[in-house]
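Next up: the same protein chain in two forms, each one alone, written as structure tokens (structure 1, then structure 2).
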Structure 1
Amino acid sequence: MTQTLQWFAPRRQLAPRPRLVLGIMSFVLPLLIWSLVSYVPWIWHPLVEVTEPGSVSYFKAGQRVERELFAAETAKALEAGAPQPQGTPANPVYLPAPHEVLQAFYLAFTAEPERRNEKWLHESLADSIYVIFWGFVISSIIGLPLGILCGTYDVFSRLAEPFVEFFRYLPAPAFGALAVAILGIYQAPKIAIIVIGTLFQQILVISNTTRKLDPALLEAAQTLGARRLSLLFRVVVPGIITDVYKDMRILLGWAWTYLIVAELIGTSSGITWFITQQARYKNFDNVFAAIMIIGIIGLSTDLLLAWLGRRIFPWQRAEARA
């Protein structure tokens, strides 16, 4: 009793076991809701999938029609003594059932490409990861140092940040045609879109994180004889690095959201183009499967990075435990 009450104490960390259980629940619950909506006929199911058109001229087997309409047509047929249409409750095509998605997921990896130059799903995925990886690396090579400089020295901040603030509102996809004109039609313009989408946010986020460094640490370092460069490299950089690392994990997630526009630029390729194409033909089981693949990749990279972070920054690991 008191234990459960403690669960709702603000900012109190739970014991490891309930933490694990709740973490699993966070996946099980949505899955459960999805399953209920998909498999329990009286929950939602606003449509009827026609199995037997009966005497209704415009019904076809496999067509999904609204429940009211189906009922009305059935009543009409009954009145006329004509064969009645048959059907089962159904959801709109936009919401495939879990098993359909699972099947699509499985097929996506096992179905052999039909054409010589068609790609396996994992090859498309590799294309996407290539684009994300280089887009993020290039953005970071510029954004990290610039963000740290802006957060440390007012000169850089005034020189760069007003423009960056302006530029970050410009929609990255609008630069697609320009990127293609300059960088060609293959991966380079896609990488450029990821860079444009990530870089400007990155500069601002990193510079803000840098500004959050306790100024007393800089003062202490100065009274210990640290000057200019050693202040930057021995105090600012190590002082912010764990927070910057966290920022980078979040920014990497943002980079993924730009992938879907990046892959519509130049030649069509990659996992999100697959999503776009399948959605166009309303194959939502494939769409969901691909969305899930991205989710799995995203979550596992983040977990990997979190684990790696605890290795790299030992003082942070102990901090988390303390």
Structure 2
Amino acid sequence: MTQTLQWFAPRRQLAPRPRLVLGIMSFVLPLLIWSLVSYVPWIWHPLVEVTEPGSVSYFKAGQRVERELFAAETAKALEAGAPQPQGTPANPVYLPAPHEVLQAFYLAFTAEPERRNEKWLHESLADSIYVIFWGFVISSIIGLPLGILCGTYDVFSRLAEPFVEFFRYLPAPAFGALAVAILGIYQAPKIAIIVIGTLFQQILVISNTTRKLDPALLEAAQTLGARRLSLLFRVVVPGIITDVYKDMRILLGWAWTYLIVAELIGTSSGITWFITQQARYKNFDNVFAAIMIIGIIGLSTDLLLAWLGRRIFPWQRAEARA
């Protein structure tokens, strides 16, 4: 009992085993709810999937109809002594069961697309990853150094941050038409939207992290004779690098949130086009599969970056154990 109560102690880190169990449960619980809604008829299932149309002329096998309509047609057929329709409880087509999504996930990589204008899922993913990669790289090349300068020197802060504060409230999609006019219809305007959507947030986040550096470190360095660039590169940057690395991991997630909007601009490509095409033909199992692969790639990337961070900054592990 005492050990369980320790789980709720403020700011106390759990032991490795409970952390692992709870981490797994964070995925198991939503999957369990999804499975219950999908497979247990009396939990939701507002529709009926027709298996035998009976005497109802407009019913077809596999068609999903409202329960009330199915009950009314069944009552009419019973009253008329005609063959009754048969059906099973079903959810709307936009909520496929887990096994259907798993099957669609497999087929999206192994089965050739049904239509000539469609791409394989891995091809669409490659287009999206290209946009994300270059959008975030360009954003970081500008935003990372500018954020550090704004957080270190008030002159840069006063010069840049008022405009950045103004610009970050402007929705990135509003620049879509302008980006296409300037950069063409292919990948460049999509990359530009990722840059616009993440750059200004990045500057503010990095500058705020830089300001959290202990002032005593700067004072000690200045006392020992550190000047300007030496102070910046030997004190400020090493002092904030681990926190900035964590910020960049979070900011990369923001780039993924702008992807759907960015890929609606210019030519039809990427995972957004795949999702739109599959939704148009009501292949919602493929839609769920594509959405989940975005989450899987994002989470895998974050875990990889976290692992690299522990190798690049080994003193973080010592601080965590302490």
Partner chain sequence: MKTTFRTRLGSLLGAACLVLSSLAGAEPLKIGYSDWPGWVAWEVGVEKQWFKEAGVDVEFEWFDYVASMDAFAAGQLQGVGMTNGDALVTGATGARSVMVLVNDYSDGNDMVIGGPGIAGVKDLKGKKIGVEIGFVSHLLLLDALKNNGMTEADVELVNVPTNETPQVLSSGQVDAIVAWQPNSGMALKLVPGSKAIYTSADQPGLIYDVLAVSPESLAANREDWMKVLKVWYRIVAYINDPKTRGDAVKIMASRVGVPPEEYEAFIAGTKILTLEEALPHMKKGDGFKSMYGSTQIADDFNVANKVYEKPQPVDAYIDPSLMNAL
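Since the structure is predicted, the reported quantities are computational estimates derived from the model, not experimental observations. Here, a residue number simply tells you its place in the sequence of structure 1, counted from 1. Rigid core (definition): largest C-alpha set, two forms, superposition within 1.5 Å.
Visitor: Can you spot the form predicted in complex with the partner chain among structures 1 and 2?
Guide: That would be structure 1, which is the form predicted in complex with the partner chain.
Visitor: Superpose on the rigid core, then tell me if the C-alpha of R234 is displaced by 2 angstroms or more between structure 1 and structure 2.
Guide: Comparing the forms between structure 1 and structure 2, which are aligned on their rigid core, R234 does not shift its C-alpha by 2 Å or more.
Visitor: Could you tell me whether the Cα atom of G62 shifts by at least 2 Å between structure 1 and structure 2 after core superposition?
Guide: Yes, the C-alpha position differs by at least 2 Å between structure 1 and structure 2.
Visitor: For P83, is the CA shift between structure 1 and structure 2 at least 2 Å following rigid-core superposition?
Guide: Superposed on the core, P83 moves its C-alpha 2 Å or more between structure 1 and structure 2.
Visitor: May I ask for the C-alpha shift of A72 between structure 1 and structure 2, in Å, based on superposition of the rigid core?
Guide: The shift comes out to 4.3 Å.
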